[in-house]
Every structure is written in structure tokens, then in C-alpha cells.
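In the form predicted on its own, a lone chain appears below as C-alpha cells.
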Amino acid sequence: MDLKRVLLIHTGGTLGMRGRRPHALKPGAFLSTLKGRVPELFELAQIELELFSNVDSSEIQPESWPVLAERLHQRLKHFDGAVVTHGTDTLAWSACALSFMLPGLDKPVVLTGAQRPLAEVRTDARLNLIDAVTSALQGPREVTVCFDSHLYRGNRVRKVSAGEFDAFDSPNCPPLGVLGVDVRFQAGLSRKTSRQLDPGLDPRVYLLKVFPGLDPNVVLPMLGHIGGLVVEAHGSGNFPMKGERSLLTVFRHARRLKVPVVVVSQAHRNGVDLTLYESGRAALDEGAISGGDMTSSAAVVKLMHGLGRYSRSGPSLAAYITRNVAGERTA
């Protein structure tokens, strides 16, 4: 019986690096060593390897996302699924971007990485790769992240650990799959459109974390140089609104400049409800957009994507941000 075909695109990160701690890790010849280190992959599927980049994931910028999305859009028609190997630091951001840029996926696209390089003895890379290829063959047809024997919706994950193998979590969306003794997958998103490519992007978005002592006068001049703002507020969407440190001036100034503001929560579980407290209601009155229970990375990337599609001051952008587009927020 012929094996199914899986496209494996390597972007870089710890998984493909060489070197041992405490020495600095350096990108290695990942594609030339994969067969020798993980021969089981080639028993699961016909693997075709492509090198997209070979960089630390902190070097991945928004300009890379449309190019990667286009590569996947063009190549997926020849395969049964795809795996993207990626550094863990910005993996969640890239997963968000791909989920918005590739609507209507009819085949799985699975991102994975590792906390230790593939060449090391005590590496998590081998199992993550095997599980990712399994998920690309059997898992839900959407953008996902496979790590530490769990499959998560790509635009719902957060990196929660730099030193353990369970590096990712999805607090507001249960796993789409568990790859243990048995392999179990959820159905995933229902397709509403045929597979498309929607690569529009405006990266001029700033993420502002609210904290005690934040001076709004530091923030106000910046508003004239950005296209959109995501505010990571306290709890259900709270921020100071009394005295000289009131952040209400930021919302008002953003409205005057027609800079859209999306509010999300610093809390990992649940999300914002801007109707619940006085400051949230005041933000709504100034045109703020609720980010619901989106992660900060999902809100930032979605706002970038929305700004690439719509006028920043029109109702279409706000409707796009508040709509559940790719499973990124709870309806």
C-alpha cells in the first residue's frame, strides 16, 4: 500500500540546531540529518523536505508569514498534510498568522518544534516530529500546534515554559488531540469556504501591557506612528481611569487619530468583558473593541491581518475582530 504524502517545511529553531549547553546553539544541517535521527517518520508517510529558513525563531518577522502561507497554499494540493518545524519562542505567533491567512483548509497544517535539539540524546524533537506527522495524516483540517503528545488549535496556544517539555498550553480551548498509547483527535473546525489564501497584513500594531505606574504620557506620542493598538488589561478588561495615570486618555487620543484599540486580558483563563466594570464601559464608549478570550498573540496578529484587509476606522474591521474567524475566540 502506498504511503500518504506529507510536506515538511523547516523554518529553523532549536529542533534543527547543533551544539550542547552551555555553548550557544547554532543552526545545523537539519535536512541532511533527519532521516538518520528519526527513521520512523519515513515509515509513517512519504516525507518531502523543504527548507524555508534556518533561523532562531526570534528572527521570524511578520513579513515571513505571507510567504510561508503562500508556500503552503501552493504546495498542499500535492500532499495529504503538512508539518512546519519552528522555534518555540514565536511559534504561537506564526500559528495565528497561518490560521488567518489560510481559511478553509482541507488538509491539516501542523506546527511543532522542540526544547532540545534533535541531535541530542535527551531530545523531545523525535517524539514531537513523529506526533506532528501523525497529526498531519489523521488530525483536524486546520492550523494546529503539536507538542508533548498534545495537539492544540494553533491560534489558542501560549508558550508557558522555557525549561520543560510541555512548553505550550491552551487555557481557553481544550486539546484537539492526545497522542498517548492511543491516538485521539477531535473533529476540529467545520469548513465554511474552500481553501483560500488571504495574505494581507499591516504589521504596524503595538501591544501595550497595563501595569501599576504606567504613564500614559509615554504612550500618547506613539499613537501617531502605529496602525493599531492591543491593550493587555487587568482581569476582565480593567485599567486605571482616575488621576494622572488614567489610561482613558489613551483610548480618547486613539479614537481621535482613528487608531483601533483591541482589549484583551492578562489572565490566561477566560477573557475580557468590557461591560462588567466602569473602566471597560468607558473604553467601549471610546470605541475600544473587545478581544474576548483571545490570547495576546492572536489579538495582535488578527489586528495586523484585519488592518491589511479593511479601513482601520470602519465598522468592517471591528466586526472582523469580534467575529470568531478560525476558532481563535469563544463565540
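Each residue number is its position in the shown sequence, starting from 1. Everything numeric in this text was worked out from a predicted model, so none of it was measured.
Keep in mind that the form predicted in complex with a small molecule is not shown, yet the notes after this line are about it.
*Asks:* Looking in the model of the complex, any heavy atom of Glu70 within 4.5 Å of the small molecule?
*Replies:* Contact check for Glu70: no, nothing within 4.5 Å of the small molecule in the model of the complex.
*Asks:* Please check if Val205 has a heavy atom lying within 4.5 Å of any heavy atom of the small molecule in the model of the complex.
*Replies:* Although the small molecule is absent here, Val205 would stay clear of it in the model of the complex, with no heavy atoms inside 4.5 Å.
*Asks:* Should Ser57 be classed as touching the small molecule in the model of the complex when contacts are defined as heavy atoms within 4.5 Å?
*Replies:* Result yes; Ser57 sits at the interface with the small molecule in the model of the complex.
*Asks:* Leu307 near the small molecule in the model of the complex, any heavy atom under 4.5 Å?
*Replies:* No, no contact at 4.5 Å.
*Asks:* Since the chain is shown here on its own, which stretch among 170-178, 126-134, 238-246, 107-115 would lie within 4.5 Å of the small molecule in the model of the complex, judged by heavy atoms?
*Replies:* Stretch with heavy atoms near the partner: 107-115.
*Asks:* Sort through Gly87, Gly227, Pro140, Pro103 and report the residue having a heavy atom within 4.5 Å of the small molecule in the model of the complex.
*Replies:* Only one option qualifies, and that one is Gly87.
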